[in-house]
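As structure tokens, one chain now follows by itself in the form predicted alone.
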């Protein structure tokens, strides 16, 4: 899923940083879990992971990656798929060394949902395709109607208790990912493109989520700032928002997809949709960590880290974020002891700045946004900060 700030490229760096600070195994807590990539990685390494994120769409991926214990059998739904041929094994491309026989139910049921289930003109068709009155161009009418049908059927299965909880998360994660791959956007869901791009014209294709089967973890949808004080963990990974862009306002369509199967009907969600981009009420999930007002962000971060019961903290942040380096180091130093013997370590990781298609003028190729790079950087360069702090070592691996 196209998740802002996804840490796929940094997974080994995160693990190595934790080990350098004295982490040798145990429970990992992933705050601000997002797409669930970090938690999935640590589970694959044999660690127990607990995680949280206020976004419902994040909870879906957390549940699939951390709590699923085997490929879904969809046994109670066999009437839908037992006489169908499975979809191609390429739909298992995200799964490492898949057992084809165990994944057969998923591939057969996916064929039913893609090819046999009649499309339905529901809330996605009416509100998030150009066939609706608002003409929000996020999905083609065909893909919107297909998703409406799939999510509506999933709702009925949940209501009738015909589908196991783990099966729900696997199938719903597959749906959100499939929608994301054909969404008519350039980056986040904060805006749709006026014309349909080529990738958005492809039909919905359900793929198996990249499941891993290690120690069973626990997914949550709680406020990280409050919840962290309840969790005993050996490693705390923190990847907070770093600018004023609130995630609930930029991922509202995946949030709707994640929520619809648990509603009694489309009505409540559809009646709450508003504005040019089809937002749903999100202010209750707004984070103070996105605030540039006074010291709101600093104090919220300070309170969260001070309340942590972790032994080691790895903290990701952008050098262009609301908090500066000194502020972050002060917070982490105070947490780790503040006596100078456990000074946080900073690892700087350079990468190319992300730009969406809408950031550039197609006629000139010039940027439309006024970037202010850090001193010594070009406008295409930005560094990711990886801070490491410990209460068990001096962040060199020597206890």
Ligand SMILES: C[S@@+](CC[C@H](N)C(=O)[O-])C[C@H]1O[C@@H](n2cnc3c(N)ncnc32)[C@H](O)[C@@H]1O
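Numbering follows the first chain given and starts at 1. All figures in this text were calculated on a predicted structure; none of them were measured in a lab.
Below: the form predicted together with the ligand, not depicted.
Here the marked residues 25, 47 and 310 all miss the ligand in the model of the complex; none has a heavy atom within 4.5 angstroms. Partner proximity in the model of the complex, defined as non-hydrogen atoms within 4.5 angstroms of the ligand, places exactly one of 52-60, 65-73, 344-352, 328-336 at the interface: 52-60. Residue 241 belongs to the set of residues with a heavy atom inside 4.5 Å of the ligand in the model of the complex. Using a 4.5 angstroms limit between non-hydrogen atoms, residue 121 is distant from the ligand in the model of the complex. Within 4.5 Å of some heavy atom of the ligand in the model of the complex lies at least one heavy atom of residue 32.
At the 4.5 Å threshold, heavy atoms of residue 247 reach the ligand in the model of the complex. This chain lacks the partner; the member of 82, 222, 155, 181 within 4.5 angstroms of the ligand in the model of the complex by a non-hydrogen atom is 222. If you take 1-20 and check each residue for a heavy atom within 4.5 Å of the ligand in the model of the complex, you get 3, 4, 5, 6, 7, in sequence order.
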